[in-house]
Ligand SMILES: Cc1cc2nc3c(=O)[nH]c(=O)nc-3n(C[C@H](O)[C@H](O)[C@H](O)COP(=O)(O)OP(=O)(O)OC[C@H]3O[C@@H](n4cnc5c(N)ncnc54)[C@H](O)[C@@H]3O)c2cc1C
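What follows is a single chain, given as structure tokens, in the form predicted on its own.
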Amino acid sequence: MRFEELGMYPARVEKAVRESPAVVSLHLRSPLPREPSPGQFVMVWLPGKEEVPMSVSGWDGARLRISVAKMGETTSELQRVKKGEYLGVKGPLGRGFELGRGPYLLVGGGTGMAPLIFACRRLRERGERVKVLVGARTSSELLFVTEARRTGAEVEVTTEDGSSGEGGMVTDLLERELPKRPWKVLACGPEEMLVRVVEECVKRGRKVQVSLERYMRCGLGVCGSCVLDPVGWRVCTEGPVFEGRLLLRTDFGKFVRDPTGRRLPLPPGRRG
């Protein structure tokens, strides 16, 4: 079956870069119909496997970068693709970050740095002041720290085990940093972390945009697998980026959905 018959564009793998033990970035040459914006995603199909949503972590006008975290069978296979192979790509999809005048504080936990490094690069190209707070369990899991610094952004790092930067949670850095300047905040990471980010920003009257990670089957708003109750927003179309204050009107931080669409309590995890 041709990629075009599935509504996808053929994307040739030009390079694969190991970013951490769990993450591989794929650099793809693909004729996307329009330029992706930071915070948007693409649906990626490896022939013989399912489609999976991937945040865009970079775009240079001809090459698309996606950063694949090993989560299951399909993502494990994606990490093993070789230069010259082809993937199917659909997109860009969803709603990205609204990037106005700064200054901007970017808060990334774990693999949540993927959309944020794209936003960081775009903001710095415009000359905006950017500070990036990067958190992970341990130093080997930190993502895009060097790349963020190369853009000219200020970067602070925290790890839960203290193996790099400060020991603790990235939200500890956020609480310390927020009062210093009239930051506009962009955040992505584990949902429990994002809840703390939103609550802290709302308490201080700061604008915060959150890129939310949820299970997506179709990426087009049809299947309903990523709906936020009770308002019915679909993460794949009304999001994945949402204004933080609005998210507090939903089951954000309380429930998620499984592949069948059934609501389940948010599993315990890192709080950032």
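Start at 1 and count along the sequence shown; that's the residue number. Given the structure is predicted, the values throughout are model-derived calculations rather than measurements.
From this point on, the text means the form predicted together with this ligand, which you will not see here.
Peer 1: Is it the case that Ser55, Ala69 and Pro240 all touch this ligand in the predicted bound form, with a non-hydrogen atom of each within 4.5 angstroms?
Peer 2: Yes, the whole trio is in contact, each within 4.5 Å by some heavy atom.
Peer 1: The chain here is shown without this ligand. Which stretch in 242-250, 201-209, 29-37, 61-69 comes within 4.5 angstroms of it in the predicted bound form, by heavy atom distance?
Peer 2: Result for this chain: 61-69.
Peer 1: Quick check on Met216: any heavy atom within 4.5 Å of this ligand in the predicted bound form?
Peer 2: Because a heavy atom of Met216 falls inside 4.5 Å of this ligand in the predicted bound form, the answer is yes.
Peer 1: Does any heavy atom of Ala136 come within 4.5 Å of a heavy atom of this ligand in the predicted bound form?
Peer 2: It does not: once this ligand is placed as it appears in the predicted bound form, Ala136 has no heavy atom within 4.5 Å of it.
Peer 1: Wondering, does Thr74 line up within 4.5 Å of this ligand in the predicted bound form on heavy atoms?
Peer 2: It does: once this ligand is placed as it appears in the predicted bound form, Thr74 has a heavy atom within 4.5 Å of it.
Peer 1: Is there a heavy atom of Ala114 no more than 4.5 Å from a heavy atom of this ligand in the predicted bound form?
Peer 2: So Ala114 counts as contacting this ligand.
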